[in-house]
Structures are given as C-alpha cells and as structure tokens.
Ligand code: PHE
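Taking the form predicted on its own, here's one chain by itself in structure tokens.
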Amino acid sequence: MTTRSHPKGLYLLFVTEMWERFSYYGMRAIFVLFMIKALMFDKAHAADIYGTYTGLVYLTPLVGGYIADRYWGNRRSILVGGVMMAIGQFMLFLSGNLHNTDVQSATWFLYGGLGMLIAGNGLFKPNISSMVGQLYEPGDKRVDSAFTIFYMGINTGSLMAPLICGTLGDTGHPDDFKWGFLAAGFGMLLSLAVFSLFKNKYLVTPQGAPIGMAPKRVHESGEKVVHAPLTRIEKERLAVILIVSAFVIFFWSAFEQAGASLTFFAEEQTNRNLLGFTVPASYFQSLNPISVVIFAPIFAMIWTALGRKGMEPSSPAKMAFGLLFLSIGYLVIAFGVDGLQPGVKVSMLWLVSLYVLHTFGELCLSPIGLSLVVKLSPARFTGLMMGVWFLSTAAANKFAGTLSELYPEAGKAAPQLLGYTINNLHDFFMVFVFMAGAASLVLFLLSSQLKKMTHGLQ
C-alpha cells in the first residue's frame, strides 16, 4: 500500500461533501417530526412522504450523471445542483414559519422545497462522487483509501447535522423546526462557497489538467458525444455493478429506517433521560456517523492487514458481510423489545447497539460499493453508472418508507406483509432480520463468480 499523500483536491471534495451532507442530514433529522408535530400528518402519511422523498433523492442522480457525462460536466452540475438545494432548504424554513398561520401555504412550501432538494441532489450527488476517482491515475491503489477519506467527510457532516439542527429545531415546540431548516440551508451555502472558491486550483489530474469539465466535443462545438462500443470485459464489469446494486436495495431499505420508524421508536418507546437531560429523538441519528468516524480507520486497517496475508475478502463478499451486520443489528433490538407493551420505554442502549452494528454493515458496503463503481466503470460512463448505483438506493429509500408504514400502533389494525402479521415491535424488527439475512446469504454464494467478472479490478 503506497504511502504517497493524497491530492489536495480530495480534501476540497471532502469539505464540499461534508457541508452538503450536513444540509441533507440536518433536514432529515427533523423531517418526520416536523410533519407529525407541526403539520399534524399521521405517521403512515409522514412515512410515505419520507420514503417518496428519499427515494426520489436517489433516483434523480441517474439523470444528473447523464447530464454531466453528455453536456455540463461535473463542475457545472455540482454548482447548479447546490444552488437548487439551498433554495429547497429555505423553502422548508418558510414552511416552518407558516405552519401555525397558513397550513395550506406551509404544505405547498414543504412540497416545493422537497422538489428543489430532489432535483438539486440529482445534479450534485453523482458528480461529486465521480470526481474523487478522476483525481488519480487508472490503477492507482490509493483510490480505495481515497473513498474511505471521502466517506469520512460524508459522516462528519451527518454527525454534526442532527446535533445542530436537532438542537435548534427539535425543542418540543413546533415553531422551532424552522430554525433547523434554516441551519441546513446555511450549510448548503457553505458547501457551495468552498467549492466555488477552490475548484480551479485543486480539482486537477496528476498532470495538472482540470477535471470535471464539460465533454470536449460538447464544450467546443455543441455536438453530442458518441460513446465507443463496450468490450466484453467492460460489459461483465458493468454487470457486476448492476448485480450488487440489486442487493444494495435490501441493505438501504432496512438501514434507512433511521429517518422514520426508528425515529418513531426513539421518540415514543426509548427512555431518553440521561443524567436529568432528555435527549432529543433526532440526536440518535448522530450515532451512525459518530460510529463511522470511530470505526472507519479500524476497518481500513483490518482490510489492509488481511490484504497483506492474501486473505482480504472480495468487494462483493465485503458487501455480503455488510448485510449480515445489518441483520444482526435488528436481531438485537428485536430481542430487546420482545414482550414490550405499548407505552413502556426501554433503555437507549438497545438503539445504540443497533446503530453501531448497522455502522459495521455500512462500512463493509457503502464505501466499498462507491469505489467498485469507479473502478469497474469505463471513464466515459462513470457519471451514468454512479447514477445507476444511486438508482438502487432510490428504490431502497422508497421501499424503506413503505416498510415504515408497517410500524405497529396501538388502537390500529395489525399491518401485514406477504401474509405475515405484525402484531408488535418484535414482529416488525424481525422483518428486517430475515430480509437482510437472506440477501446476505445469496450474495455470499454469488461473490466468487462476481469476483471473476471484475477481471482483477475488485
């Protein structure tokens, strides 16, 4: 493993992504609470909106990647997307400002803000991830560690977000949610400012050529770029991306319960008293990024140590381990709530344990997957394939919202899933145990063949 330092452009992308993720996760930390406490939506309706929103957030990168590859390039796409997201956050601030006096207008500002966030994220998200790989020469072994560093940026932002936006917005007074949205908006403006000021200086190849520019033919003559045909090896590598993307759906649909059903659980059935201080439910969403910051270096050392001994698992096998950790996390909390009666609260240690185990799963799957997409995609398709990767996350987030609607509530009919009746929280959490566990087993069985299809780039 090389000891050469990483290009400064990586740290610019780190800070840009950090503040964008602060904006996204700050809003997410209080989003469902705002809907049920300020706009007075019921939980099922709020969960449906949450799932639709987060699903579309990860669907539009497919379009954003295509636009960048064909017309705008990464830089322009990031700037336009960032401006749209900042506008979206300020529209949510207006929604929070009006919820008491004009519910109809508040609702329209909510939907308008979500629309701007969805469209802006589609332009921003795939293109900043794609630029990480462009900073390095093909075959540079620093790319995996680069994505680990970049992933730390994501989680530094998502660590700060619930603590700051939650403190400002989740106070117990519905009028205060607007301040959380306002902070998220300023976070997005910081991301844009940093990127705009330093992009020309630091976003360059090892030879000093700028990266992320519009495709040359489009830039100079307005002609469309004509992509060369794919070779057999390229097709097999792209097939690997598509196959593992399908398994990612099972991971994120369970993992993203953090923003909906697990927030309901934290709010209603978790004892949040800590030394006389009532921990806001939104704070629990910082447990995952805190755990990432703590454990990411440890996982990186584990992979490096196994690699030296020739025992490092393939990327698909690592992702299967990710699904296994996710399943175990839900098994732990299912045990903790077994026999729990409505209104009875459990120790927050059960939720802490779940989030730590889920973080282990995320570290096995998410940065590994991002790196795999960059390594296996032909350069002319990187933005588009990053969009495909996020397309699977889109499906997962919509599915997450649908699954959150199954959250059992006292006084309501027990929900069902494929004939399985969910009578209580234990039954609800066991859905994710079996779903993630089965997906993990199948991916383990396929991992050897998928490794061959990467042709040495796994």
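Note that residue numbering follows the sequence shown and begins at 1. Remember, predicted model here, so these are calculated numbers, not experimental data.
Missing here is the form predicted together with the named molecule; even so, the following discussion is about that form.
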| property | result |
| --- | --- |
| Which of 163 to 171, 150 to 158, 312 to 320, 372 to 380 lines the interface with the named molecule in the model of the complex (heavy atom within 4.5 Å) | 150 to 158 |
| Exercise: W252 in contact with the named molecule in the model of the complex, heavy atom 4.5 Å | yes |
| Contact label in the model of the complex: T393 to the named molecule, heavy atom within 4.5 Å | yes |
| Close approach of Y25 to the named molecule in the model of the complex, 4.5 Å, heavy atom | yes |
| Contact label in the model of the complex: K125 to the named molecule, heavy atom within 4.5 Å | yes |
| Whether R21, Y58 and S366 all lie within 4.5 angstroms of the named molecule in the model of the complex by heavy atom | yes |
